[in-house]
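Here you get one chain, nothing else, as structure tokens; it is the form predicted alone.
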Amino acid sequence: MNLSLPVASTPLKGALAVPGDKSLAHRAALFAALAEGTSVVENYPDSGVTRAMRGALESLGVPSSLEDGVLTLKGNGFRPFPNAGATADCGNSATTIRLLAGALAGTGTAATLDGSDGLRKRPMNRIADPLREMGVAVETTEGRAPMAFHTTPAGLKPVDYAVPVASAQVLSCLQIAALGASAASRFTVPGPVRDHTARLLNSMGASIRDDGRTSVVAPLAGTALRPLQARLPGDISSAAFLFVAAALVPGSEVTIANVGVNETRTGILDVLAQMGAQIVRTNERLEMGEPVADVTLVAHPLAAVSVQGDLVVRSIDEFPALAVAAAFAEGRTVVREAKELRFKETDRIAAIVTQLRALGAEVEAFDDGFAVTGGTLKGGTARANGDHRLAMSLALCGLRVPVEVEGAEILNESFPSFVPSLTSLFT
């Protein structure tokens, strides 16, 4: 599918909601499978990546139903999954394979985790090595998927482990596995990471102390996780594209209602504010232990910024969209200390640079980031390269200059309603 958005001739205006948070959706389904009883989760998103988790759980013997955005799942408890020896297809979802790896390890389940050709390129030793330290028998394929787990005795060895990368997927994998250890485990991370796993598991009866740098996980030791009765907040990663769209079009004012504003995920809002957009939060509250608010962006002229340090981790998934904002900002925006972008669905640094150059922008690549000179993008044809975030980000350029994105159907992996949501804001 090729996608061309109409150049906006009037400001974007309106208020809308976005589908439930994908990061929380992965965890909600998996933790519901590990709970005792039936969980019901509303506003559950139906996309390629969330189907991957549900499909993998079904392969392992824990099916679920999804009707009108309501997920219903009867948990198996924190014990070996029913379909021991099964192979679970994780699709293209790294979150699915890494979180499930922790669950297989913690419950002592023998199974194999596999996925798409793209997923097979993602590094897995970053979870396999510490799991082996805990006594898990796991084999990778040259450090990648497929990953084969063998039955391990109950009560994994507790560890004191320094996670080498600031990765929520890695930390979450180890936190989940540590629930099945014989004593408390301690994990430290080099920078801030998403704390969704600790928040949600604690709400279900686990005991995880997490201060943003150190996480201490107590074993369940026979304590059952409570089932979920909850509603997912809107996905800030999906809302990001609509916020950037509004920031690109002069005079725009767009509100996203009921969106998650966990501070580990709101780097996109902070960067856009630094660039000159006005960000207003109202109706702030907690749902599922997560901060939620109605967030409004009011467009103002954008100026270049420098992004590095903790802000990189807090906006790691939004850099394709932020690169587009930079392409229409005044000055040269520089992103450094973001080498983790090279290990996403694609090498996102290379993809961002190549595709923005294809549209005429002046872009420089670094080993750990990139720089974009604003006002140089002219338009043309770009390619999504099998990356859902890149597809939507490149499409946003079309709000200012004529742009066609090839292979844009990949956006269905994460935000199938992207186009109708965006076009509903046209005045």
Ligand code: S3P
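For every residue, the number given is its place in the sequence shown, counted from 1. Model, not experiment: these values are computed from the prediction.
The discussion below concerns the form predicted in complex with this ligand, not included here.
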item	value
Listed residue (L242, M275, M147, A168) with a non-hydrogen atom within 4.5 angstroms of this ligand in the predicted bound form	A168
This ligand: the contacting residue among K344, H300, K74, R231 in the predicted bound form [heavy atom, 4.5 Å]	K344
S414: touches this ligand in the predicted bound form, heavy atom cutoff 4.5 angstroms	no
Non-hydrogen atom contact R54 with this ligand in the predicted bound form at 4.5 angstroms	no
4.5 Å heavy atom contact, I316 and this ligand in the predicted bound form	yes
4.5 Å heavy atom contact, T95 and this ligand in the predicted bound form	yes
Heavy atom contact within 4.5 Å of this ligand in the predicted bound form, the stretch among 23 to 31, 55 to 63, 361 to 369, 392 to 400	23 to 31
Those residues of 192 to 210 which, in the predicted bound form, come within 4.5 Å of this ligand by heavy atom	R194
